[in-house]
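Quick setup: the structure tokens below cover two forms of a single protein chain, split into structure 1 and structure 2.
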Structure 1
Amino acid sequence: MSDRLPPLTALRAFDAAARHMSFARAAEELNVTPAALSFQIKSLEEHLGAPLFRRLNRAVELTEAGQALAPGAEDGFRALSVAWQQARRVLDTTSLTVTAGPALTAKWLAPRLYEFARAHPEIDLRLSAGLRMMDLRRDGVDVAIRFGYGSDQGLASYPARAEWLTPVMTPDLAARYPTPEALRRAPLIYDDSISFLSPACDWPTWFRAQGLEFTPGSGIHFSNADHAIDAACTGVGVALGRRPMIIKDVMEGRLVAPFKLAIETEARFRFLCLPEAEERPQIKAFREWFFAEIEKTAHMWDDFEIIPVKDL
């Protein structure tokens, strides 16, 4: 009748039995004989002072106390198991889990995965795309790449340079709208995923940088930046794209960035990891590769004039 935790082996046996609703299968799971399992359950029941299972002759059934114990026990052991795997993952120098937004994943990371795999064949890289800010310590993620102003408390944070945006479109559309003035009449694509930026970094801002008035009319809106760029690739309109999102499509000729003017926000991508994990070999390798890869294409924008939005 103790108030503290019962013997954990017994509790574990109960968890398995409750999950399988069978002592025999639970015993199999734990690699012990049914007799041992039966004994453990019995000892747990003795600790509690009441039966946890009702023994029907061909089956077992949880008593009320058993029903109260089972879900929490399962949660608890699952938590322990996850924690143990986390610890093991730290030791694993061959795998690396990276989380990034869907757009960066689709437009920048995924196309370069092959490159990285070739440069580091020993590392097994996994991508986890999602906007939810994951808890690096609890969710088993080694690296997060996030866009924004970012406070990044408690994390090692390597900021990339400030991000800027410039109009991109198919060569066809570029021919049809050769000047910024003409562009105002083009079908415009809006990327709502960066509407949180302040000061804003949108179409009116870009035209303002050109010294042109512009009031947004109708247009196509996308909640993901990669969808906006994809739409531009199909030629339905002109998108205002961030560097990493457009680089691939520009290099491969699907899109052009004919106006050599970009507006720059203070927001940027940051490479984040746990401070104690900064020097793990696979994280260090990925970090160095990541920033080198950015530098590789930096020259492409040498002839762009970049105007900070805060000056507009």
Structure 2
Amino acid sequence: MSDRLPPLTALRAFDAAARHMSFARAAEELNVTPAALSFQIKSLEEHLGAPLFRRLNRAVELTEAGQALAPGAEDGFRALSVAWQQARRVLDTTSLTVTAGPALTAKWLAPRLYEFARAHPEIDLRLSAGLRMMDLRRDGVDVAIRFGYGSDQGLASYPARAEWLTPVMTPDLAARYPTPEALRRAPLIYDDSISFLSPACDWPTWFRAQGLEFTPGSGIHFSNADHAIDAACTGVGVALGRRPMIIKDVMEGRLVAPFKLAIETEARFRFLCLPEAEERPQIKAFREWFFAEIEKTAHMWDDFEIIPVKDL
């Protein structure tokens, strides 16, 4: 029995048949005839010097040797597929796949993407909204924008501005609750998506920054930040809003931020990509646009007092 590897086409035929446990379905996947697939597997068995399948009446099953080979064959072809896709991505300077959380996508990214598309018509941008942590080498994603404290080992990580929160509400509600003391009686909205922050960035913390005691009572809880802000826009209550989630609604007058005091967390958004990819033209262009867009509205909060929660 030779240690020389058998032909790749024969291993590919075996892998498909082992996954489907059917020569017919494997042949269909590989777009070959069942006879051609059977020939490839037979040649592989001859190369090994032992059968890999037991041919039953209307089915096949793996022999002990086939069971030993199948996991490695599947892993090997999966690794080859990933490597091939990565090689193609290195040569691709026009496609860009970005993943970001649903709230940031809805409230900050999507309303601004027209400007990026207009400035870079050569880039085919694909935006995927989701919170699942992506493997940038395996999942075909070029850029991830993530919020939190972050353990960005192995990635190029560009932190955005510090993140802070301040109460926002409709102008009508602002007239009804004109002071922090009065705000304690207002219907409050709770954004549970930031409950992981430590120290906490919540209503008791904000009131403490104002020098006021506050014990949370009943209110509406949302698991997504954009849903909490959308509810505030309808006048349901007052939300403790994060800067990128409230900026568009404040600029367009649906919400106001009347108290000029915000609490700042050490968690922040980070622009993430593979170290070897950070200078690819489409990634560099998107990174420069992303941070330039943040700076465009930074001046809006110059009159705010921003207090780090770690100091409270």
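Think of the rigid core as the biggest set of C-alphas that the two forms share within 1.5 Å after superposition. All residue numbers here refer to structure 1's sequence, counted from 1. Since we're looking at a predicted model, the values are computed, not measured.
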- request: Could you let me know which number goes with the form predicted together with the DNA?
  value: 1
field: Core-aligned CA displacement of Pro281 at least 2 Å between the two structures
entry: no
message: Would Ala24 count as moving between the two structures, using a Cα shift of 2 angstroms or more after superposing the core as the test?
response: yes
query: Is it true that Thr265 shifts between the two structures by 2 Å or more at the Cα, once the core is aligned?
result: no
statement: For Glu45, the CA shift between the two structures after fitting the core, in Å, is 7.3
